[in-house]
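We begin with a single chain expressed as structure tokens, specifically the form predicted alone.
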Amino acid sequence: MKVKRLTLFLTMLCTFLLASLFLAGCGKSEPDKSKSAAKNDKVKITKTIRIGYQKNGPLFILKSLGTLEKRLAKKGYQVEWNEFQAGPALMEALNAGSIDIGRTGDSPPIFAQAAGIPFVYIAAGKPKFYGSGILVHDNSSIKSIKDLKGKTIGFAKGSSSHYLLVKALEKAGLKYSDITPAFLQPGDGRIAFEQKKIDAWVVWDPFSAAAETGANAKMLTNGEGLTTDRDFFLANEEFAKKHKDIINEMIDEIKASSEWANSHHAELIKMLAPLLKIDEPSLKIAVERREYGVDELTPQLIKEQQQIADTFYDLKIIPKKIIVKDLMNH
């Protein structure tokens, strides 16, 4: 009798244990399956694209909107943003391999090509000469470009402002050697200008607009008739060879964000003001006197860049003659 009861107990125990194992196995299989499905639905981020930008440029707007990150995440890319005050430093970062893509004014690529930096042009921005110019103090005795003779002028060496100054002097019948250059990045240029350590300051928006509204500056001349003062989008040469699809996706997003910026000035100003730490009235001036967008690298545009290169070579500002079209991305 005892044997029968023991046998029955063992049978029930085995049945209970088998059932528990079965149920536990069933309960475990569903979460694993759904977790695997979730992984398949979401692309794993395994690569990084490093982008160099400047304040108030088209890439800064793209960064602020956040649309590029969403688009490239679908291809497994994350975006790393790196800020530069001026183009020459950005070009050095391209050379060092610290960034893959960047945007500068028209002159930094000329100096970079002359220095043998490996990069290619991938697209151009719209002309923005209204916001770039030569600033003087509102009570300055300098009334015309000719009055700049013998004066100390601040600007970023190798920047678009460098070329604008050269062309302005040339138009007025002056030589580059007629002025004393003070090579200053925008932040240092503003301080030197306010302290009157320089007689004039050549700079671009939003720095020029901020100086006009907050540093008693007036624009002696803007870039109209002197330069188109375009943006250029550039890429490290090796990156451009291997990632044409990513570059095309990025250009599409620049176009889309530029269209938004051109048609939403009020929203753009409110978005940029706290990020740039510039007051809204200054930004309103900067935003309303430029057009954002992307232009193709046409023969005429290449000719414009070649003229800049030839000018700097003739003035012995760059050490050798360069052929701009050699670095145009096809």
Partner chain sequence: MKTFIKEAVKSIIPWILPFLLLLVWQILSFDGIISSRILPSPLAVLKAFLTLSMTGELFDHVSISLERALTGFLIGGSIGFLLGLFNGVFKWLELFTDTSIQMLRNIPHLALIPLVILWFGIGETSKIFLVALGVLFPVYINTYHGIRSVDKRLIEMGKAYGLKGVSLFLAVIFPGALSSILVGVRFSLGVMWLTLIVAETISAHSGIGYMAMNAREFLQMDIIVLSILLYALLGKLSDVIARFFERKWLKWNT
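A quick note: this is a predicted structure, and the numbers were derived from the prediction, not measured. Numbering follows the first chain given and starts at 1.
Another form, the form predicted in complex with the partner chain, is not on view; read the next lines as being about it.
- The stretch in contact with the partner chain in the predicted bound form, judged by heavy atoms within 4.5 Å, is 197-205, chosen from 224-232, 197-205, 129-137, 240-248.
- Using a 4.5 angstroms heavy atom cutoff to the partner chain in the predicted bound form, all of P88, A182 and A192 count as contacting.
- The partner is absent here; in the predicted bound form, the one residue of V120, I142, I117, L174 having a heavy atom within 4.5 Å of the partner chain is I117.
- Of the residues D188, E259, E170, D147, just one reaches the partner chain in the predicted bound form with a heavy atom at 4.5 Å or closer; this is D188.
- The closest heavy atom approach of G158 to the partner chain in the predicted bound form falls within 4.5 Å.
- Put simply, N216 is far from the partner chain in the predicted bound form: not one heavy atom of it is within 4.5 Å.
- Contact check for N95: a heavy atom falls within 4.5 Å of the partner chain in the predicted bound form.
- Taking the partner from the other structure, the partner chain in the predicted bound form has a heavy atom within 4.5 Å of a heavy atom of I317.
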